[in-house]
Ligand code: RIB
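A single chain comes next, written as structure tokens; it is the form predicted alone.
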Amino acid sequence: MSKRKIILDVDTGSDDALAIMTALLAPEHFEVVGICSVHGNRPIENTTENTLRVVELLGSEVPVIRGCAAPLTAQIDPLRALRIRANQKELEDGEQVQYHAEQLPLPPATRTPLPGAYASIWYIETLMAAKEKITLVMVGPQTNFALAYRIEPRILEQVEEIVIMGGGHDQHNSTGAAEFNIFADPEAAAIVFECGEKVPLTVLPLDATHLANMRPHHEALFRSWGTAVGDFVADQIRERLDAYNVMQPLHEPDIAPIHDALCLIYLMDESVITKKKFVRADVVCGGMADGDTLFDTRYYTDRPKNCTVCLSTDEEKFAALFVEVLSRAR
């Protein structure tokens, strides 16, 4: 696949951090135009600072743009706000075993986000001025771009593809119906899914990302480098191994999904996805299934198909490609 210009949209966290590293360490595949932070795994102050720390770890000068601090509407509905807080409380109560540290174990950033810039406005300015189409890789709540698209729909003309880590077909995590990134801002996700009728939209839900795993021997490999980068990657893998074993056991013990990095690995080598289907996808906003992603896999759908959903991953190929890319920082 040819080199792509990409914008990353992240709520950095552990797997977001590893996704950022994957993108920055593969310059033959990606020209990273900018990285937008957003609320999600942690508050915007943390996700922005964490993003800056990762970028500095690799010595990159890519701009980091602070994004939306809250969902479009999710905190307006009192019942939904209670459910969101319940999810956050679960994380806080298990601080000793967590998916995402408030602050990544890296030196504090010495640089700041792009001065005077706000992600949604930056999206509009950047895309409207773009000479080439840009691929958007969103691995957190989709608030930033949803707001930008509502302000200026013409930006979609300069989008090559939208790639989302989010949702679930047979698998969920935040509720019995919803995956976290979608549950955190269902209205934003619904807006972005609309875009799939106009530009290619690829969604990598939990069905695919739960097979994008690291294991204890990968942790040991990165630890063996004896470097700051190696120790950081090993720490993130260990944190996720412990968290999944205790809080969300998967199909076998001692596996840690690196959800967000799969989006980049997919763009590098589409064969890492072993099952995908062109479908109609919609997001449920409200009710018991709030944040559910409905992937209509029927041949004949009630509305136009708008999404390629990835449903399974070659676990060994993902691990090999992920390790190879990150090993460039050794």
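On a predicted model such as this, the values are computed, not experimentally measured, just so you know. In case it trips you up, residue 1 is the first one in the sequence shown, and so on.
What comes next is about the form predicted in complex with this ligand, which does not appear here.
Among the residues 119, 146, 165, 208, the one placing a heavy atom within 4.5 Å of this ligand in the model of the complex is 165. Interface residue among 233, 212, 139, 136 relative to this ligand in the model of the complex, by the heavy atom within 4.5 Å criterion: 139.
Looking at residue 41, you'd find a heavy atom of it within 4.5 angstroms of this ligand in the model of the complex. Although the partner is absent here, residue 75 lies well away from this ligand in the model of the complex, with no heavy atom inside 4.5 Å. The closest non-hydrogen atom of residue 222 lies beyond 4.5 Å of this ligand in the model of the complex. Not displayed here, this ligand is kept clear of residue 80 by more than 4.5 Å at the level of heavy atoms in the model of the complex. The stretch among 214 to 222, 253 to 261, 124 to 132, 194 to 202 whose residues place heavy atoms within 4.5 Å of this ligand in the model of the complex is 253 to 261. Interface residues of 166 to 194, taken as those with a heavy atom within 4.5 Å of this ligand in the model of the complex (partner not displayed): 173, 179, 180, 181, in sequence order.
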